[in-house]
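What follows is one chain in structure tokens, specifically the form predicted alone.
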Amino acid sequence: MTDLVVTEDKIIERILTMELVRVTERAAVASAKLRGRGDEKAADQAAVDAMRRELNKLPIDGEIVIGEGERDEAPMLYIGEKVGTKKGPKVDIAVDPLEGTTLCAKDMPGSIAVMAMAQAGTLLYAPDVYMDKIAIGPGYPKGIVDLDAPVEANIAALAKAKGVKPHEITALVMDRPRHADLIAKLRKIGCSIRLITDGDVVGVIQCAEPATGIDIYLGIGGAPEGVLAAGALRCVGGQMQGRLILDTPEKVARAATMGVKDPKKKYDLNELASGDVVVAATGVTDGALLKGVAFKGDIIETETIVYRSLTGTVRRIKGEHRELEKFHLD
């Protein structure tokens, strides 16, 4: 039995490091060809096609549990889609082939290609809906913040734990009309607020990167992004809670078919992403977390960050790619 466990772990480790990096690299390069062209759909589809193509080369029996749609005919990597050669371990996969489609289309900072992979049954299986989230980085007592607590209480608790005044806390929030009340409350507290237009996977991860100066992420973003970010935070010891926003009978029914029994359930970090999870993200455009794809003559340069929860490892991988035909470049 011990030998079997060791063997499976080695197989999973091999798949979830360099082979996972290749998947996000290919997706990033494909979408980077369309940076600044103003065509969000084309850039997203290019990333999807590249990611699907590379996933289907991997020796895994994989299923997309967090994706960009739920219908078999969808051109995106849809929830329930099977990927891989079917000749390897069963794994769950969460994808966002191009997080920040608008950022890529406008050649603005922060667009990435990102995905997570874990043993089957360990990533949240839920419909492609919005999620209310709260996240902080490592080093704080468990439960220091809570999704259901007033924002004032969360900021006060976090500031006390950090040993600073509430006005010294920096919160990251997506710049959306739905967050007007949240932003007003943070302004009243006196917090510094960093607003982002897109890209809340990177937004959550920045809580765990001391150099960014972000203390807390608050607000509503995509559920796929929530699962991906939770996987990354588990690797570095952060905290996160999320709740699916199932605000119509149709969404509740869809979630129920996927095993969501309580539509108002508050998920903690380990419920969003448990087991041995690996997250890989490759920069498409330059940003706070990663440099974007650089086309330099016959060489393509990429930067990827890989998180693994089992070992708490964070790897930064800079690639120089010379076999350009593998990227399906014209």
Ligand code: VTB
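Quantities reported herein were computed from a predicted structural model and do not represent experimental measurements. Residue numbers run from 1 along the displayed sequence.
Keep in mind the form predicted together with the named molecule is missing from the figure; the text below concerns it.
Stretch 194-202 is the answer when you ask which of 152-160, 230-238, 137-145, 194-202 has residues with heavy atoms within 4.5 Å of the named molecule in the predicted bound form. For the three marked residues, Glu25, Lys106 and Glu303, no heavy atom of any sits within 4.5 Å of the named molecule in the predicted bound form.
Listed residues Gly222, Gly84, Pro127, Gly219 were compared with the named molecule in the predicted bound form; Gly222 is the one with a heavy atom within 4.5 Å. Arg176 is the sole member of Lys251, Lys90, Arg176, Lys185 with a non-hydrogen atom within 4.5 Å of the named molecule in the predicted bound form. Shown alone here, Gly242 lies farther than 4.5 Å from the named molecule in the predicted bound form, counting heavy atoms only. Of the residues in 96-127, those that come within 4.5 Å of the named molecule in the predicted bound form through at least one heavy atom are, in sequence order, Glu99, Gly100.
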